[in-house]
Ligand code: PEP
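Presented below, as structure tokens, is a lone chain in the form predicted on its own.
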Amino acid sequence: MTAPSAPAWTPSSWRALAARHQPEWPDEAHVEAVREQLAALPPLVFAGEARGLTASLAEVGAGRAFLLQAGDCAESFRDFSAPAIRERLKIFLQMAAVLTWGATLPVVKVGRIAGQFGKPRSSPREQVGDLDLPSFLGHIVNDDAPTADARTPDPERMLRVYHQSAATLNLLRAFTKGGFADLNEVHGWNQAFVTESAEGRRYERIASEIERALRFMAACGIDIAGRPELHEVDLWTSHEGLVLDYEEGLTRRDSLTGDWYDCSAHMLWIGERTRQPDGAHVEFFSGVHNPIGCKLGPGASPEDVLELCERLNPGRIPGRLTLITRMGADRVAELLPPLLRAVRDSDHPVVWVCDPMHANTITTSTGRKTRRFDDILAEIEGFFSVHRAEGTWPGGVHLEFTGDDVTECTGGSEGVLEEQLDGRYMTLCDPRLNARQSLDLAFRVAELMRG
């Protein structure tokens, strides 16, 4: 007797499985109507672009490039403007320039942008003053205002996310392909409030060296003007694929290959809370052909990780699967080695990335969530040290940052103190590195990359 074949994957296959951290929509018919509207809209990204990112991530996995994946904790319907996007892009380009110049390796640039509107929460309800309310789940689901009406999930928000993401992508493409990302503009990426800091001055020295290198190349007869790689960059988009109704609505079959792609972003990742191998999120992302990431927290075992590798990349395609570890500064040296050995010995091709933010969040005596810069750096240092000991490649970092002058994470060379947090604490959800701290971290990571 032959075993029955597994049912063919479809964008709605996930509905037959347990789906964690999904909104409790008040009206399922309304959700279905929104999904149909999303399905009729143009894709935000194209299958060929996603394949291009897979090829770039394959270079990272082979140790020939480094991944910088970074952006806001949660995008907002309110904080949406060309200047805000430009300032985030500036710090991203600065960090990438520092890493490329300092480590002499190509840097694959993936933003947490144009789709990062959903956030899982540890509890379905939260206390806001004297009010017990449904938790804020990101602007794709509900609003952060502390009222019962604002916290009611509204599927129409998925359409607003689509249109804001489309506008963001349009502006990013204009900036990255239209001259803003030109290496001749490297000084212009510095921000006024960063320039006078120690990190800003150090960056200006690198910018001057880059300009001098470009003049040297031109003097040697190299056609600088004719080299597009010096005048534009590839910036890929990514977000956590949390709200599956939205992801299903934007999944398309590629006309060239016949394969399914989630066209809401170039890369999607599965969170630590939703990575169950028999769960809805793993089922959904096992069937799309985008590059996929998966967060791994302290509870991940070697067996868990190998099962995820088989579910998400059974064809062992280089660049397809990125494993993003978030172990905590004090546990990375203990917990990461068994995972590296298991994957290495199984010959699964993966990109290993460090998320030093999420396992290093603390709450102050005043109730503020924050992260210490020294803890963030310590986890990255531990990540690099373990990889060197195991003979594997520390492929990248995954960070939450903003281009604004916020006070949300303590420490860094400018020394943000705990009592200063309330000064400019602006995040919708988790604390982010400010521009100075982000640049400081980029210099430290470049030094680690050089060994």
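Numbers for residues come from their place in the sequence shown, where the first is 1. Quick caveat, the model's predicted, so the values are computed rather than measured.
What comes next is about the form predicted together with the named molecule, which does not appear here.
Of the residues 335, 73, 377, 340, just one reaches the named molecule in the model of the complex with a heavy atom at 4.5 Å or closer; this is 73.
The contact residue chosen from 272, 199, 283, 248 relative to the named molecule in the model of the complex is 272, the criterion being a non-hydrogen atom within 4.5 angstroms. At the 4.5 Å threshold, heavy atoms of residue 262 stay clear of the named molecule in the model of the complex, well away from it. Proximity of residue 408 to the named molecule in the model of the complex: non-hydrogen atoms within 4.5 Å are absent; the residue sits far from the partner. Under a 4.5 angstroms non-hydrogen atom cutoff, the named molecule in the model of the complex has residue 358 among its neighbouring residues. The named molecule in the model of the complex comes within 4.5 Å of no heavy atom belonging to residue 348. Here the chain stands by itself, but in the model of the complex one stretch of 148-156, 135-143, 115-123, 218-226, 115-123, has heavy atoms within 4.5 Å of the named molecule. Contact annotation for 305-334: a single residue, 326, has a non-hydrogen atom within 4.5 angstroms of the named molecule in the model of the complex.
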